[in-house]
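Coming up is one lone chain in structure tokens, specifically the form predicted alone.
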């Protein structure tokens, strides 16, 4: 059987390498994004650049979206030029953006009226995970749609789980972002503590990462901490958005997030200081400032 034709909307830090991994896996990918250079990158990788959303999705069996937040998902999904008005009946729309659970639920309901099926499938693993095709993919939607999409997900990630009905993938992603933010903050505080104590930081992080304090966050971000390299793999601006999602969702269900609320404020503070475009490992800069360093 031939592989489904894929339309990919959103070719940012995550979307570009993910779409390229599908091309490597043999899929025909037609993409659209607002930046010409990213369309050129897709074409150079073997994909097809479209001039509009409508052109990209018209003949697609599967439409995948990877954009920053709920407003962008709504902008590309709705309206006369959007996905729902231009994708064919029976197409499968997989939104891999990180958005509010309610936005995913609303999108699924609107798509159903158009004969389009939807999965919410946000990911974790950052730019490195996207490049290496080892993302964790948390999915919400119908079992049959998940089974159809599973070969596509297997070209993008390693841990792929159907978490429940529409919106469930986004709820799990919100929890993921809570854990990641708290973990980065703890690592950042440990780095400052270790350095001010005169300990060899590289050696300390190596031994910590081999024990119970070890984590994927520490593995992925160790060099960022050591080299103060905050080139964005996942921007503070986006993590600020995600912390808003998880704190709002937790409030709606009556879940207390005492530590999460503090870290959300620390992320917001770093963003307010002009560091929103940096990688979320730049939470280290905020701890250094609080500790008297000039950064």
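Worth saying up front: this structure is predicted, and the values here are computed from it rather than measured. Residue numbers count along the first chain shown, from 1.
What comes next is about the form predicted in complex with a small molecule, which is not displayed.
With the partner left out here, the small molecule still marks one of 32-40, 247-255, 55-63, 263-271 in the predicted bound form; by a 4.5 Å heavy atom cut-off that stretch is 32-40. With a 4.5 Å cutoff on heavy atoms, residue 240 does not count as touching the small molecule in the predicted bound form; it lies far away.
Among residues of the shown chain, residue 126 is one whose heavy atoms approach the small molecule to within 4.5 Å in the predicted bound form.
Although the partner is absent from this view, residue 219 stays clear of the small molecule in the predicted bound form, with no non-hydrogen atom inside 4.5 angstroms. Though the partner is left out of this view, residue 287 does not reach within 4.5 Å of the small molecule in the predicted bound form, counting heavy atoms only. Note on contacts: among 76, 87, 191, 119, the single residue with a heavy atom within 4.5 Å of the small molecule in the predicted bound form is 76.
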